[in-house]
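Encoded as structure tokens, the following chain is the form predicted on its own, with no partner shown.
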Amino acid sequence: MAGRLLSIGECMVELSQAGEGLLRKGFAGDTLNTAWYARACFPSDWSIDYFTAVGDDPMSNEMLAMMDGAGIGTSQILRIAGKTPGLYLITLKDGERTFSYWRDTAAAKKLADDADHLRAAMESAQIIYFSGITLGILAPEAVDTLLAEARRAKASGKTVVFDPNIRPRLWSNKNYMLKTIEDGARASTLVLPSFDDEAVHFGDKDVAATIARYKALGVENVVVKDGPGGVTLAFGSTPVVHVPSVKVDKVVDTTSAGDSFNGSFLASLAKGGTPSEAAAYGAAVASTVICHHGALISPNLLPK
């Protein structure tokens, strides 16, 4: 059955190591990465759209052209005169990445300033996806706007999906960060946390504690990603299920492991797969992605 997924967040200019002191330019960001893998894995009769704010500069034009070329809809993206996208640099060591950011004046920080435009974009989607990074780049009043619209969408029966994706450097203080992450979860029907983040910032002792905490917030469906430890699913009142990860010989780049899982997991559900089947497919996609350089790999490389 055809539908529309709307991913909300920030796309940035990505610079990565290209060898011999050179840098490779691309475009990425957690919610854009998820939209990319959703487009690669969803049925062709589904629309995958992105919602953000960009500038009116050549780099913003190039960014939108990249999305259009990938089949990701851009018609509702805001254009803000005089603004530019944010930028980040990836440094890799043993497959693990570190990031340096330049995003303080990025256009995406204004993506929720026009509540009517945001609502119109969300009303035309069946699945709405956002993350803790989406919330972390916004001013408090814009956070309130986005969460109010997410709650409205949830109340109307839409599937609202939230990846906490906790990044402390985006937040003014820890208490506000944790409260806002919890508010994002409350506004959602499906939460996709990564256990390592939850353990560090919420103090969860194990995956079961993460599930229990989000269930206590009223989240109906929780899928906890635990890297090599696999995925644990708590859907509705059904028994908790564990799905193992897919082993790989050599990890090259984990930049988009969680994002690719999210996009392919949602695609499998949309095709009628069970949560366990969707998690197994998401794990297979993520295991492929981490064997290649960069956040976005060719859809032709992904398992069918």
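Residue numbers here begin at 1 and follow the sequence given. None of these values were measured; they are calculated from a predicted model.
Just so it is clear, the following notes concern the form predicted in complex with ligand ADP, a form of the same protein that is not shown.
Participant: Let me test this: is every residue among Phe27, Ser60 and Leu87 within 4.5 Å of ligand ADP in the model of the complex, going by heavy atom positions?
Facilitator: Verified in the model of the complex; spot residues all out of contact, no.
Participant: Taking ligand ADP as it sits in the model of the complex, is Val246 in contact with it (heavy atom to heavy atom, 4.5 Å or less)?
Facilitator: Result yes; Val246 sits at the interface with ligand ADP in the model of the complex.
Participant: Would you please decide whether Ile290 lies within 4.5 angstroms of ligand ADP in the model of the complex, comparing each non-hydrogen atom pair?
Facilitator: Yes.
Participant: Can you check whether Ala283 is within 4.5 Å of ligand ADP in the model of the complex, heavy atom basis?
Facilitator: Looking in the model of the complex, residue contacts with ligand ADP include Ala283, since a heavy atom lies within 4.5 Å.
Participant: Can you tell me if Gly73 lies within 4.5 angstroms of ligand ADP in the model of the complex, counting non-hydrogen atoms only?
Facilitator: No, no contact at 4.5 Å.
Participant: Within 4.5 Å, heavy atoms only, one stretch in 115 to 123, 152 to 160, 228 to 236, 176 to 184 touches ligand ADP in the model of the complex. Which?
Facilitator: Partner-contacting stretch among the options: 228 to 236.
Participant: Exactly one of Glu220, Asp206, Asp144, Asp196 has a non-hydrogen atom within 4.5 Å of ligand ADP in the model of the complex; which residue is it?
Facilitator: Answer to the contact question: Asp196.
Participant: Though ligand ADP is not shown, can you say which of Ala278, Ala40, Ala257, Met67 has a heavy atom within 4.5 Å of it in the model of the complex?
Facilitator: Partner contact (heavy atom, 4.5 Å) among the options: Ala257.
Participant: Going through 119 to 151 from first to last, which residues have a non-hydrogen atom within 4.5 Å of ligand ADP in the model of the complex?
Facilitator: Nothing in the stretch sits within 4.5 Å of the partner.
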